[in-house]
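Let's start with one chain on its own, the form predicted on its own, as structure tokens.
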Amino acid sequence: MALITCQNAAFAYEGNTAVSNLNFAVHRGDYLCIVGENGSGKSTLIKGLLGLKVPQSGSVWMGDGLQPNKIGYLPQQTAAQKDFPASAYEVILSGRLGTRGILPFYSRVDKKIAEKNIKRLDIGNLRGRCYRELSGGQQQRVLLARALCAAEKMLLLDEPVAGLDPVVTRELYRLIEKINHETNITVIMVSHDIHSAVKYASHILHLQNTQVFFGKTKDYVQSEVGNRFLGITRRQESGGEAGGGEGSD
């Protein structure tokens, strides 16, 4: 049974349709990358999958016991969030907030889960440090550990490597791949990095304000849209064609 199913779904951003004609399903253990040009509706879709946006039309539903408060979410950070004055441990433990209900304190189980994810991401040396004093790569590891504290079956990651240097980017991609393989947690990731997407993901969803491809990565790289998009990004990287500015999606 699928964890998330979209059927003829559309979502709006600031009153305008951002993405439409969505028909896909995500299952346990999948690693789905959502790709497309700036403004194609990628981040809007992520908010829709989290239940933060109601579909403008069509439907989105969860199955196999998945619940919104048990999805780990790593959003794009604002400047204010990067300057958050708490310890790394406090940030990680806050990933358990959605599971506490009316309980006023973190339980022994909450703390055990936080410790497990600190160990999983090898960030024990960061636990007592102030979050705002960490490097960009260290902050992303802390936020990934926080998301894992909430995730029982699924992680949603919105541009998790944005602004990171190539070495840190590769390390984070490998960590995410390891988590997906070793825990069978489903990963849904928005990415502008199409080359890494086809390297690590099992499935690709390509948006262009509408769904233009959904399927296995091996089929995407052989498709017309996949070949065209991979070719465009290669020309942009070599300086042959200018890329667009950073947008909301």
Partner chain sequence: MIDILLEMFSYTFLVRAVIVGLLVSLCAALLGVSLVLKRYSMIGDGLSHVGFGTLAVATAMNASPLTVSIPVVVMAAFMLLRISENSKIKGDAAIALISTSSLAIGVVVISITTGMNTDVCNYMFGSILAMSKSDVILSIVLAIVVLILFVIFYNKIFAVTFDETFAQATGVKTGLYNMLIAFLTAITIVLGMRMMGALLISSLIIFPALTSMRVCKKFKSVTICSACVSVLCFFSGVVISYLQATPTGASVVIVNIIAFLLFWTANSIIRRGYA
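Keep in mind that this is a model prediction, so the values were computed, not measured. Residue numbers count along the first chain shown, from 1.
The protein also exists as the form predicted in complex with the partner chain; that form is not presented, and the subsequent description refers to it.
In the predicted bound form, the partner chain sits within 4.5 Å of a heavy atom of F84. In the predicted bound form, at least one heavy atom of P68 sits within 4.5 Å of the partner chain. Residue contact with the partner chain in the predicted bound form: V54 places no heavy atom within 4.5 Å of it. Put simply, E133 is close to the partner chain in the predicted bound form: some heavy atom of it is within 4.5 Å. This chain lacks the partner; the member of E115, E177, E90, E171 within 4.5 angstroms of the partner chain in the predicted bound form by a non-hydrogen atom is E90. Only one of L50, V60, V212, V198 comes within 4.5 Å of the partner chain in the predicted bound form through a heavy atom, and that residue is L50. Taking the partner chain as it sits in the predicted bound form, the stretch 144-169 comes within 4.5 angstroms of it through a non-hydrogen atom at R146, A147, A150.
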